[in-house]
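The chain below stands alone and is given in structure tokens; this is the form predicted alone.
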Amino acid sequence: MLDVVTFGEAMIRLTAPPGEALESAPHFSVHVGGAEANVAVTLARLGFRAGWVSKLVPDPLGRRVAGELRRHGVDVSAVVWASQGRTGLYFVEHAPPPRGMTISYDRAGSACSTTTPDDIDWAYVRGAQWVHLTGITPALSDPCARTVARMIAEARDAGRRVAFDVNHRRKLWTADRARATLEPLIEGVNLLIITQDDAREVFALNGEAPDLAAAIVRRWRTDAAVVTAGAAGAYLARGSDVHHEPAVAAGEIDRIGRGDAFAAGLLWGALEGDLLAGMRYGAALAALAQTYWGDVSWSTKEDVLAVLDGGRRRPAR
């Protein structure tokens, strides 16, 4: 049995050198990234059995994506290899304020966006303890939205648990369309993860982060809800109880993938039956994630425990 199965699109990421504009960059660094794949990689590196479901084309870019996940220990045996489509791309500019970071997508017509429920090995999905999904995948296409809905139904029917990270992407759909699609999906999930900005923008909820977390549990009858609030940390609501977990201070090289690392930490705690510990793991993993270039966090359990122990690692000499 797998510990966690995720479903979603992974893309090739092309990053311009810091300070360079995309239109002037002389070269790009190449990484693989995608929210659900990032979670699977982090969990696999932590020692859990993680699987990733998607659709790829058997060209050099598709093989690059699958190979990158495989090298970290993610099971990709349920990936569907399509004869048509393409691998999505996205481009990143890094610059200090006032420019900041800019992301541009080239993902229309990707193989993953054509995924339908008929493509999925449902026995594979039903065999995992947890199924982790995000609001990015339903935004890709109506067939993807139907596939996500079926994933939730299959997991529930098999007595498995579902984690859902809203992860709103404004460049993919409007808040109104996201709300209409996501509300039926998140009803009654075991663990809902959302930023305080998305809670306000997508679901028109009011209040501060702890109030938002409590409101989500009541409104959608989730077992637990976690609202992240950047430097203010994160808030876990279960029933009428709300727990605050402070953010871990860290230097920043690349923020992309920070939220996915946090979600992986939550799932680590959930797999051990301790969501409060998961909040601590998530805070440490999020801090570590932003110290690496690329979407993927290369952290291990030892790295996380060292952060939580309050110690700064000295160079080994």
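This is a predicted model, so every value here is computed, not measured. Numbers for residues come from their place in the sequence shown, where the first is 1.
The same protein also exists as the form predicted together with a further copy of the same chain; that form is not shown, yet it is the one meant from here on.
Q: Whether S77, W122 and R177 jointly form a contact site for a further copy of the same chain in the predicted bound form is the question; each needs a heavy atom within 4.5 Å.
A: Checking in the predicted bound form: none of S77, W122 and R177 is within 4.5 Å of a further copy of the same chain.
Q: Would you point out which of 178-186, 157-165, 193-201, 224-232 contains residues with a non-hydrogen atom within 4.5 Å of a further copy of the same chain in the predicted bound form?
A: It is 193-201 that comes within 4.5 Å of the partner.
Q: Can you work out whether A149 and a further copy of the same chain are in contact in the predicted bound form, taking contact to mean some heavy atom pair no more than 4.5 Å apart?
A: Residue-level check for A149: no, no contact with a further copy of the same chain.
Q: Heavy atoms within 4.5 Å of a further copy of the same chain in the predicted bound form: does K55 have any?
A: K55: no, not in contact with a further copy of the same chain in the predicted bound form.
Q: H243 versus a further copy of the same chain, in the predicted bound form: is there a non-hydrogen atom within 4.5 Å?
A: Outside the cut-off, so no.
Q: If you check in the predicted bound form, is A287 within 4.5 Å of a further copy of the same chain, heavy atoms only?
A: Result yes; A287 sits at the interface with a further copy of the same chain in the predicted bound form.
Q: Please tell me which of H72, R126, R238, R219 lies within 4.5 Å of a further copy of the same chain in the predicted bound form, judged by heavy atoms.
A: Only one option qualifies, and that one is H72.
Q: Any residue of 59-83 with a heavy atom within 4.5 Å of a further copy of the same chain in the predicted bound form counts; write them all down in order.
A: Going through 59-83 in order - heavy atoms within 4.5 Å of a further copy of the same chain in the predicted bound form - the hits are P60, L61, R63, R64, G67, E68, R70, R71, H72, G73.
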